[in-house]
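A single chain, nothing else alongside it, follows as structure tokens in the form predicted alone.
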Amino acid sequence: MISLEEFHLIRDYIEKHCGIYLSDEKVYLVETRLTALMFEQGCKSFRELYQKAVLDRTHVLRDKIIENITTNETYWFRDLHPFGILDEVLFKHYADEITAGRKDKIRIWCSACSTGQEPYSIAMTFREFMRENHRLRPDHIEITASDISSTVLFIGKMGRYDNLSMSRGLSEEFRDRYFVRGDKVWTIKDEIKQMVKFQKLNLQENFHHLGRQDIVFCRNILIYFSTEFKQNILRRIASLLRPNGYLFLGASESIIMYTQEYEMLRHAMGLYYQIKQNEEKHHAYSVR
């Protein structure tokens, strides 16, 4: 059984390395998710596990601890509204920009993408939009999907999902149009897979190497962070967004109290955010 002192050691270690903050009510979560790892590492206590992680210069154990702690809950077209906003508002706007020659492509970043359902849902939404807007091509969009977990990224890159995963939010129409059925799994078609680029990324690290983005999905992840880190990541996303760029958060998340760099917008029953204009800030950040 984990002691409160051991919990605090591991909790602070986790927050330091990935930003996730665990309150004292989460003692059970650390105990249940790390017990097997503790024994696997030959440790007799959680304190030993912590000490071994601190001394591990390869960071392999650190990554295992984080992977065991992180929640990878996801499903297709989660909450629906963001994808309706893409289809009915944003893709129409950017299609006009592309057609007019003022833009070459739409750049979208999905942070904390888990096993890929969110970025692939965006890709399918764009493919559906293309069916009605023949002026657009697949290379008019660039989707970057990132996560801290190598395990979920591997699943996303493979694009192979079991029947349970396929039943969560995906219509039969989209399943039959964009997936190939195997004996026990469904594999997403190359036309969708090729639209998404996966990479490992810790949100605590600098992510400006991603380049300027038109749209950022940072959904259902802020709830796990401290107030200070929420403010930090929202500010860094703001510096990454192009002028008039957009941010999507989870249905239970809000920017209130954390930043004033975004304007809240509504469409139908959905909410999204647009970066407020600050020419000095955008000129200072030169990545294009």
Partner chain sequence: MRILSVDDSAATRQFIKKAVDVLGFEFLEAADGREGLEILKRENGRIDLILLDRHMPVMDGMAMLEELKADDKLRMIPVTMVTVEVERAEIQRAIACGAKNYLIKPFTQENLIGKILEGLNIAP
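These numbers were taken from a predicted model, which means no experiment stands behind them. Positions refer to the first chain, counted from 1.
Heads up, the form predicted in complex with its partner chain isn't pictured, but that's what we're talking about next.
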query: Contact at Met38, Phe154 and Asp162 by its partner chain in the predicted bound form, all three, heavy atom at most 4.5 Å; finding: yes
query: Non-hydrogen atom contact Met158 with its partner chain in the predicted bound form at 4.5 angstroms; finding: yes
query: 4.5 Å heavy atom contact, Glu48 to its partner chain in the predicted bound form; finding: no
query: Contact test in the predicted bound form: Asn72 vs its partner chain, heavy atoms, 4.5 Å; finding: yes
query: Exercise: Lys64 in contact with its partner chain in the predicted bound form, heavy atom 4.5 Å; finding: yes
query: Contacting member of Val185, Leu80, Leu210, Met130, with respect to its partner chain in the predicted bound form [4.5 Å, heavy atom]; finding: Val185
query: In the predicted bound form, the residue from Asn206, Gln194, Ser150, Ser171 that sits within 4.5 Å of its partner chain by heavy atoms; finding: Ser150
query: Among 49-57, 26-34, 225-233, 240-248, the region lying within 4.5 Å of its partner chain in the predicted bound form by heavy atom distance; finding: 26-34
query: Sequence-ordered residues of 1-29 touching its partner chain in the predicted bound form, heavy atom within 4.5 Å; finding: Met1, Ile2
